[in-house]
Each structure stands twice: as structure tokens, then as C-alpha cells.
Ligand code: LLP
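Consider the single chain below, provided in C-alpha cells and representing the form predicted alone.
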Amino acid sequence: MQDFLIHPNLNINDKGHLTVSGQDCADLAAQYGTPLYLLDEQLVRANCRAYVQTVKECFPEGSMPLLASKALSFTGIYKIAASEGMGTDLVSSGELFTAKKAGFPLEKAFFHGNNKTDFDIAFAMDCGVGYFIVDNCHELNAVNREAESRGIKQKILLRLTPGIDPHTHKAITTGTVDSKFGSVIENGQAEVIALQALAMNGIDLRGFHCHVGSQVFDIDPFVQAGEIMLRFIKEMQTKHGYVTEFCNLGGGFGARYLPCHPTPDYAAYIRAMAAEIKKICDALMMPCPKILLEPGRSIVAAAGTTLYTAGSVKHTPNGKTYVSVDGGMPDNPRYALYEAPYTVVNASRADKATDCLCSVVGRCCESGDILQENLRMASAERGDIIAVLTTGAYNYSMASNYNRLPRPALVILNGNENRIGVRRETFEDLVACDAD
């Protein structure tokens, strides 16, 4: 078996082509064109169910996993998440509008962001968003003013900073004391903002939120953060009589991008974390609050594959080989941003030996337009279909029109069937907002 078959929905058919969910990548590329995002609906649903069922099994009634919209946001994903019993978190009015357009039940939506504008706040209240996750005192005052002007009490959670470093890349670490997010617990800032919230007429404080980082395969950072959060929750009850309803421990469980990465068992992670949370609550002699989790990457990453068509294959005098494809950093900027690793496959020759050491690069006029460097795959020729695996998270959602390239289509695979989830942009789309 080829070691690049890193997910259970990947295989090689009798033509020697890579398949996703049993469907031939070369056929999909011919049908829909490239670049092309694929999303395996059955795998997304399986991951949703693992979270929903295990959270229900392990934590108090009312606990819930929330789909982290920033990982992947289009109307179809909200319809899937809603049908599987997920809540959602949102980080912008655009994500909120998309969820609303999809018919997502917004009472189960939690509105994030460290700098919500006055428009964002008013728009979210107009839409009936269930909860704001308030980042700082400035935002707290703004939410309170808008709620008071409407004669309502807005339910909120406060984002706190537990001071945990999960030792991931600095660009995806969010829980340290110098993070731009949240109010720090250890210096008393969190207590101050909590007391301010409790005194406000337009605020209904329901609990606290934290997030330590992303692409984590170890429950220890979550348990450490949970202990700090629960000790704070206990302190708020002991000193001020405030009983917390929700403790949101954020997201961050990792996905398998390379053969050397572990195969994650999210249900096992949640069960192990729940056992440690119970021990902490027992030691503090307090009931466990309702627990919220915010999976994004771990729901959709492995379900995504991006297909490209190889163009020029260049061999330099120093022996380096570049395989250029018809996409690049506009549809996947993560290598350019922080050298994110990916497994890359010549989907047209998936049964062949991975005997070519090469870099797969994009078509943009940038030296940094690289999808992956110094990898091994089967030798490519012009017209071959190149697949980048584990692209369901932070690819479509981060896509741009750099070099005035239209964004790709997203096709949803469901067993033997496939359908358009997001249509391919056209040249007319590129100029639709131009005034002259």
C-alpha cells in the first residue's frame, strides 16, 4: 500500500488513479475542471457524529460541539452541521450571514472576534445570534450599549487567556498571556471584566471561553487550560456568588497531513479529556459546567482534497525539479504563510513509484508561491492530475483572487454521487464589484 493513503476514504483504482470516496480524481477533474476542491460529506458527517455523541456521553446535558466556521464556511457546511446537531461559532458578519442564509438555527451560534465593529454587533443582534464571545472591555461596553438601546439582555461568554503554550506554530498559538485574544486570568484582568459584565444592564454573562491553539494531538494543553478555567470559575463562585453555566474549551485537535502524523481518534481524545475534567471538578468540589468545544480543522480537514493539473515540469542545472500546477497560493496560502505540511500525490499515476524528488509550485508571479517543497511523488508530465490531501480546512476559507485568478469550485462527494457545493468563479465575477 502506498504510504500517502493517509485517510480511510483514499484508494487507488484499477486505472492506477487516486480515488476519494471511491470516485476517480482524474474523472472529477475532467468533469469539473481544475483547480478543484473536493469535500467528502460522509467523512464530515462521521466526524460531526463522533463529536456530538461523545460530548453528549461525557459532559453535562446542554454541552455541545460548535463547528468553527473559520475552517470552512459556505452554506452547505452549515446545513450538514445543523442536521448533525452541531452548534457553530462565527468570527465575522460574513460568516454569520452565510449561516443565516443556510437556515442554521442561530440560537446555537456563538459570535467570536477580537474587534467586532459597531455594525457587526448590531447585525448579529438583528440576526438573533445566540451568544457573543466578548474579547475585551471595549467590546463589552459596545455590546452592552447596543443591547441596552434595544431593551434586551444579550447572552455572552467572556474570552479568557489561560497562559498555555501548546507548542504549535506561533501563528496558530492563541492562549498565551501575550496573545491578542482575551483577558488574562493570572493578573486579575479576567476577574475585573467578569465583574463589569455582571454589573451591566444589557449583559447576561453565561460563562467563559478559552482557546489554546491548533493542530494539537495531545490532550494535556486542553486539560491544563481546563484546570485554570475551572479554578477561575470556582473562584468566581466562592468570592462573588456567580455560578457559571458554560465553560468553552475551544478547539484545536489536529488533523493528519503527513504519513508520519498520528491518526487522530477524536472520540478517544474527548473521553480522556472528560475524565480529567471530572477529576478537576471533584477536587474543587464543584459540579462540572456545560462544556463547549469548537472543532473546525478536525471536522473538515481530512475530508478535503484539492486537485490541480500539472503544467510545466522544470529541471534546473543544479538538479532541482519544479512541477507547476494551475493553482497555488490563491487557493491554498498556508505553505506561504507558515510552511504548512501536506501530502501531495500524482493522482494520474498513484500506482507508480514515488521516485521523483520535486517541489510543487503555483502559477502566481511570486517566488513564494509554493504548495510543497522537496517531496517525493510519481514523476509528472503535463496534463497529469496532482492531488493535495487534507485541504478541507483553511483552504477554501482562505482563498483569494491574487493575480486576478477566479476561486475554484467546491464539489461535495457523497458515496457514488457528487454535486456542486460552491460554483467556480468566472471572469465576470472578478469585475462584478468594479465601479469603472
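The structure presented is a predicted model; accordingly, all values stated were derived computationally and were not measured. Note that residue numbering begins at 1 and tracks the sequence as displayed.
Just so you know, the form predicted together with the ligand exists too; it's not on screen, but the next bit is about it.
A.B. asks: Does the trio 70, 297 and 398 actually contact the ligand in the predicted complex, every residue with a heavy atom within 4.5 Å?
C.D. replies: Judged in the predicted complex, 70, 297 and 398 all sit within 4.5 Å of the ligand.
A.B. asks: Find out whether any non-hydrogen atom of residue 108 is located within 4.5 angstroms of the ligand in the predicted complex, and reply yes or no.
C.D. replies: So residue 108 does not count as contacting the ligand.
A.B. asks: How about residue 209: is it within 4.5 Å of the ligand in the predicted complex, going by heavy atoms?
C.D. replies: Residue 209: contacts the ligand in the predicted complex.
A.B. asks: Evaluate residue 394 for contact with the ligand in the predicted complex, applying a 4.5 angstroms cut-off between non-hydrogen atoms, and reply yes or no.
C.D. replies: Contact with the ligand, yes.
A.B. asks: Is residue 89 close enough to the ligand in the predicted complex to count, meaning some heavy atom within 4.5 Å?
C.D. replies: Contact with the ligand, yes.
A.B. asks: Which of 343, 144, 214, 244 has a heavy atom within 4.5 Å of the ligand in the predicted complex?
C.D. replies: For this set of options, the contacting one is 214.
A.B. asks: Considering the ligand in the predicted complex, which of 155, 79, 334, 100 comes within 4.5 Å of it through any heavy atom?
C.D. replies: By the 4.5 Å criterion, the partner-contacting residue is 334.
A.B. asks: Going by heavy atoms within 4.5 Å, which of 231 to 239, 273 to 281, 251 to 259, 352 to 360 lines up against the ligand in the predicted complex?
C.D. replies: Stretch with heavy atoms near the partner: 251 to 259.
A.B. asks: Mind listing which residues of 143 to 160 have a heavy atom within 4.5 Å of the ligand in the predicted complex?
C.D. replies: Contacts from 143 to 160: just 159.
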